[in-house]
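This document starts with one chain, in the form predicted on its own, laid out as structure tokens.
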Amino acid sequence: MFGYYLDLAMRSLRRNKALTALMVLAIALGIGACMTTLTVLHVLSGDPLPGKSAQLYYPQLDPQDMDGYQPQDDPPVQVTWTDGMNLLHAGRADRQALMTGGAVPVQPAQSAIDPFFEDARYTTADFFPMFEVPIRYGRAWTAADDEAHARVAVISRKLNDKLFQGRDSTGQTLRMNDVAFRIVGVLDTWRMTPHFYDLNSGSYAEDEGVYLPLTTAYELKLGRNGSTDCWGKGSDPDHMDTAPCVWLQFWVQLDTPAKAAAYKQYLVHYSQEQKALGRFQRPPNVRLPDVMGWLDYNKVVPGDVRLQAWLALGFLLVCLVNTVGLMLAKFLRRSPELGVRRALGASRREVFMQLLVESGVIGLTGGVAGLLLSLVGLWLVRKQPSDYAALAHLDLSMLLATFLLAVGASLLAGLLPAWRACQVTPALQLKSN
């Protein structure tokens, strides 16, 4: 029966090509605009570590003095060196990583390549397994390397391609800031989107080219990027390990909700202990958001992208209203034909299904045209100067969503016209003809 309805739909659509083209165009414009903005929103608001983000948490403490204290204020978004090291060495989590961002001058051994600056991440050994960073050659460094302030480095695949033409460079020496580092690992292609583990360097910034032990970077006084928030006597660039400043990001992996609850309680006890020792002055104020909670807290998705998505949905609604009007006119003009079908024994349900199949064909055609328009729209987005523009690509899930939305919207638009067309009285139609 579906094949018969499909054949009737194709015949009907061919009979009035201009009206059919208008309906397809209306749906295509709505779908194209909608899917372009929804794809951008989907890319920017997606889970950066599916399956693991609920196990990663960002501990926050409040080590500040009483100046400007407001009980309802949130704790700082970073930790001091002292607190970061205390929490790291306590080892209460399944994994933990303390880090900050920076930039290092790279001095290639090849004379054909001029020295250049490379974005760097100074962190601890658990960073790589915690964030499931893929390793192409070699390995990450170990906790023993952290303690020994080892001169070791892990580099990105992009930097390895630039300096070593893609060969396995583990064991090679890389000079940075006039210091020789031994390359122990090379990453595979990797980009964390959003760049959630350090939003100071940009929510959608590219990942770093060089990864070094935090203790080594601090010992060598390598250049650092990111924010620093101090109180009391302020910062001392040469003694940031004792300065009353928050400037490090600390992440923990807690594999179960029970461990997360226990760790939050541990943070409260730690704050009480530090207050008793005189380091903390404020009452315990801790937070422990997971990855998605951290992204929500920082409002990572740009507000204009959400606004554009709502506007596009409104535009799709306008297109559907126009499609409803065009379908209503088309179906009612076929009242004599439908009256004959009813007189020959077709039920209202069968006529209704026939017209819905015709609506679905219009939606599917509009979806194909809308897909082409959304590809053009995403290409235009990628030409924009924003840091997330390069991420605007249609994936398989959004491709399927395009067709489902197009067919679903056209079926919804066809409900009223099909219902009205089914109300024709066969006797009146036969008599009038």
Partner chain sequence: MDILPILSTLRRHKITALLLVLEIALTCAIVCNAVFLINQRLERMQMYSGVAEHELIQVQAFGIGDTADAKAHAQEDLTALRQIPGVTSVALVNQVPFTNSSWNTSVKLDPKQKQATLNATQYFGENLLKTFGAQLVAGRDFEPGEYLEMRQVARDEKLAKKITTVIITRGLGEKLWPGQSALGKTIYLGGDPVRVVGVVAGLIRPALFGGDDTAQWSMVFPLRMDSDNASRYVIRTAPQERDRVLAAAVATLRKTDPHRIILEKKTLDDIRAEFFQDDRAMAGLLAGVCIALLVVTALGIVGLGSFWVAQRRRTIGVRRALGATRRNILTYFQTENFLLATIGIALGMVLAYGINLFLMLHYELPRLPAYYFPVGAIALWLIGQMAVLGPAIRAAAVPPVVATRSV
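Numbering follows the first chain given and starts at 1. All values derive from a computational prediction rather than experimental measurement.
Beyond the structure shown, there is the form predicted together with its partner chain, which is absent from this document and is the topic of what follows.
Visitor: Check whether Gly325 has any heavy atom within 4.5 Å of a heavy atom of its partner chain in the model of the complex, and answer yes or no.
Guide: Yes.
Visitor: So in the model of the complex, does any heavy atom of Phe352 sit within 4.5 Å of its partner chain?
Guide: Result no; Phe352 lies far from its partner chain in the model of the complex.
Visitor: In the model of the complex, is there a heavy atom of its partner chain that lies within 4.5 Å of any heavy atom of His89, even though the partner is absent here?
Guide: No.
Visitor: Might Leu396 be said to contact its partner chain in the model of the complex, defining contact as any heavy atom within 4.5 Å?
Guide: Leu396: no contact with its partner chain in the model of the complex.
Visitor: Kindly confirm or deny that Met99, Ala258 and Ala261 each have some heavy atom within 4.5 angstroms of its partner chain in the model of the complex.
Guide: Zero of three within 4.5 Å in the model of the complex.
Visitor: Based on heavy atom distances of at most 4.5 Å to its partner chain in the model of the complex, which listed stretch, 245-253, 316-324, 358-366, 337-345, is the contact stretch?
Guide: Selected range: 316-324.
Visitor: Could you check which residue among Trp190, Tyr266, Phe116, Tyr297 gets a heavy atom within 4.5 Å of its partner chain in the model of the complex?
Guide: So the residue touching its partner chain in the model of the complex, by this definition, is Phe116.
Visitor: With its partner chain left out of view, which of Arg306, Arg182, Lys275, Arg157 would have a heavy atom within 4.5 Å of it in the model of the complex?
Guide: Checked against the cut-off, the match is Arg306.
Visitor: Hey, which residues along 79-112 are within 4.5 angstroms of its partner chain in the model of the complex, non-hydrogen atoms only?
Guide: Result: Pro105, Gln107.
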